[in-house]
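Have a look below at one chain only, the form predicted on its own, in structure tokens format.
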Amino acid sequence: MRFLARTLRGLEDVAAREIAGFGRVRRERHREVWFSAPEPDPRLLGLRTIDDLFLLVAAIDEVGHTKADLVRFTTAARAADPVELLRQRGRCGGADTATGVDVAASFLGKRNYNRFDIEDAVGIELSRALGLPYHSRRGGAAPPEGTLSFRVTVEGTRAALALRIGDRPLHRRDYKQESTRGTLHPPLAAAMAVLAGVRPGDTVLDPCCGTGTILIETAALVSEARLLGSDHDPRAVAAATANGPATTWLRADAGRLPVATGRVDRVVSNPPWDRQVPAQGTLSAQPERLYREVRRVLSDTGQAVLLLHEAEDQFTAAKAAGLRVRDVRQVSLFGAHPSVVTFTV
């Protein structure tokens, strides 16, 4: 069986690493990992570092930039067997019934057609084959619940036609009962835990935990880790407690952590830095204190993974605190381009 996983730009290799435990990675490209598996496996819906998971219906080659090339999408949709796709979707843990069809398309670069032209070329054919209504996205309305969602992506001259396995994107986590401004994208949080190399038995600290996304994702990846989250905002701590009650949450100043020196194996965090959330407590006047506290609580073999904006501007403070930059990778996140930075002691 062939699959397509969507992820954030910059995390394709991290997603491929997780996927390799279930199947054979065939291709990595912009925000995508194509892979195969010998048989349906509902556990794939539990992948943490991907945004969404699809059955790969067709790879469409020699896609050009003119409207005449829209026929390639129509032809691929006509060649698909949507009834068999529904059956395979059910075997992979998705629903095997649907109330309608919708299509979302995206492409890189300039073309003489738009995303809605692609969506209609595919959606009309598939809805006709299934005998179900087609819900076009041209008007901006979201498709109704129970709709069979297809995805078309185009990069260069190659396009992919794929069918979402779940009823909704995988990045929408069920545990998100409470949220606050600036909450982190769950697959990115999971990828940060992977990059931190969290091991069973490790003590993991998030000193700016917000609603707890990083530690909850860490727990899903490494159930035996000891997790501690703190935040200066009592509302964030209350939300984190509601989302992940099995973790230890406490209200604390990230510049004066109530944690013993050298007792933490991994620090994984998304510091505020006055972006969506203002810095509070000690960090509002002395942001460099975060790095001093991170270095203090880390063991001699510990490391920290932080999501930073304008990362290079903060390296001086990190190095002054005794942290060394080991790896920097830029990601694309809702129009912003922060960096996931790994520090060692």
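When you see a residue number, it is the position in the sequence shown, counting from 1. Only a predicted model underlies this, so the values are computations on that prediction, with no experimental measurement involved.
Only in words, not in the display: the form predicted together with a small molecule, which the text now covers.
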*Contacting member of 232, 72, 89, 135, with respect to the small molecule in the predicted complex [4.5 Å, heavy atom]*: 232
*277, 318, 44, 56: which sits within 4.5 Å of the small molecule in the predicted complex by any heavy atom?*
277
_262, 302 and 322 all contacting the small molecule in the predicted complex, non-hydrogen atom within 4.5 Å_ = no
*Applying a 4.5 Å heavy atom distance criterion, does residue 154 contact the small molecule in the predicted complex?*
no
*Give a yes/no on whether residue 169 approaches the small molecule to within 4.5 Å in the predicted complex, heavy atoms considered.*
no
*Taking the shortest heavy atom distance, is residue 122 within 4.5 Å of the small molecule in the predicted complex?*
no
*Using a 4.5 Å heavy atom cut-off, state whether residue 252 contacts the small molecule in the predicted complex.*
yes
_Quick check for you: of 92 to 100, 112 to 120, 146 to 154, 183 to 191, which stretch puts a non-hydrogen atom within 4.5 Å of the small molecule in the predicted complex?_
183 to 191
